[in-house]
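Let's start with one chain on its own, the form predicted alone, as structure tokens.
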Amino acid sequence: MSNSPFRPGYSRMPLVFGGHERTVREFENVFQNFDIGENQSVLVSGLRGAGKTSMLGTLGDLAAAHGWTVIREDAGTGLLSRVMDSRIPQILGTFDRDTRMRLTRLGIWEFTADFDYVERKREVTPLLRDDLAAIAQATDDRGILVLVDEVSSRKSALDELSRFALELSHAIAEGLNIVVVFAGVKIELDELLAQPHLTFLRRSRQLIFRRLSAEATRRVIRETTEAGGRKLALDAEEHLITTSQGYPYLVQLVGDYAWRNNPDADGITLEDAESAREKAISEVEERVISRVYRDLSEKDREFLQAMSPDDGVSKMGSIADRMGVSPQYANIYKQRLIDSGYVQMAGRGFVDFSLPYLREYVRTVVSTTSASPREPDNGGWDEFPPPKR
């Protein structure tokens, strides 16, 4: 039995990365020829599970293969200290002896006689911009790629991100070969851009991750299956494409379940694909969609509930009527949900769900809420009341 080549877990790089081939080629040119151009700073936004983290991993691998120094961290409390006190020292340990000798002469970090990293020198307050400049000087400015995932709009996180980004802007202003990539949900990235003193980020290249096309989905499913050493029946392939709806996380999840249904067989059959359908959809609803829905404001939920009766696109006028609000008021929440990635424009005056199975989930929520409440199941303990004391 061979292990499944599909990788639905969080932050696991897919074996076959689909849908962004042109972008990947452009960045390979950046890393190979230092042709940075518009890619000095990049913002990657999109749905949860749309492949943003995988893109960061792909860019990191490409940059490292061309000799760039890669600094990768998640946004959050302690970002600056984690990069300067942990990530950069780890990177210093990977440099060759000659590079560490150069770093020693710069006098920013302490090294042993064998040029093993010991600690930072503390004569002056350390700044990230100085660390980056020192690394660039010691590596003949071969390039530094900074990747920051999971951008959050929480105030504490934004304050930390703002200080971090400001340090990066100073390093960029010195003319170093630095590329900066921030990834998160668009509405969170917009909050970061609104912070003062981050003009360079407002000019960033925007990469918006949506669902894969049908053909890109087909390629990912087929090539991943073949990379695992098995064949994929055409009717099974069609079923997996239909089930996944091009949502990258679901592509990996339904492929994984289909693979595991009969792991000793030479290929994946329609029966395998059918067995994976309901389980994969249920897991996506539990792991992604329900959490997305819970995180929304009450009015955001009302907007989605007003969309849910429609089998296809929804007319904005109908949504406003169902919500009992003015069209102008409904438009505020339309834009919020578009920025969050859960709704998309579908022509003038029309919108549609962009996250697969969100409509069906909302309908279930509405149906459950409107139905008579059921008595909670407490595991049969009504027949065994606790003893009196």
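All residue numbers refer to positions in the sequence shown, first residue = 1. Small disclaimer: the values here were computed from a predicted structure and weren't measured.
What comes next is about the form predicted in complex with a small molecule, which is not displayed.
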Interface stretch in the predicted complex with the small molecule - options 46-54, 322-330, 339-347, 30-38, non-hydrogen atom within 4.5 Å: 46-54
Proximity to the small molecule in the predicted complex, single hit among Phe164, Trp259, Tyr249, Trp109 (heavy atom within 4.5 Å): Tyr249
Leu168, Val220, Leu240, Leu304 - the one with a heavy atom within 4.5 Å of the small molecule in the predicted complex: Val220
Close approach of Val365 to the small molecule in the predicted complex, 4.5 Å, heavy atom: no
Partner contact for Gly9 in the predicted complex: the small molecule, 4.5 angstroms, heavy atom: yes
The small molecule contact in the predicted complex: Leu212, any heavy atom under 4.5 Å: yes
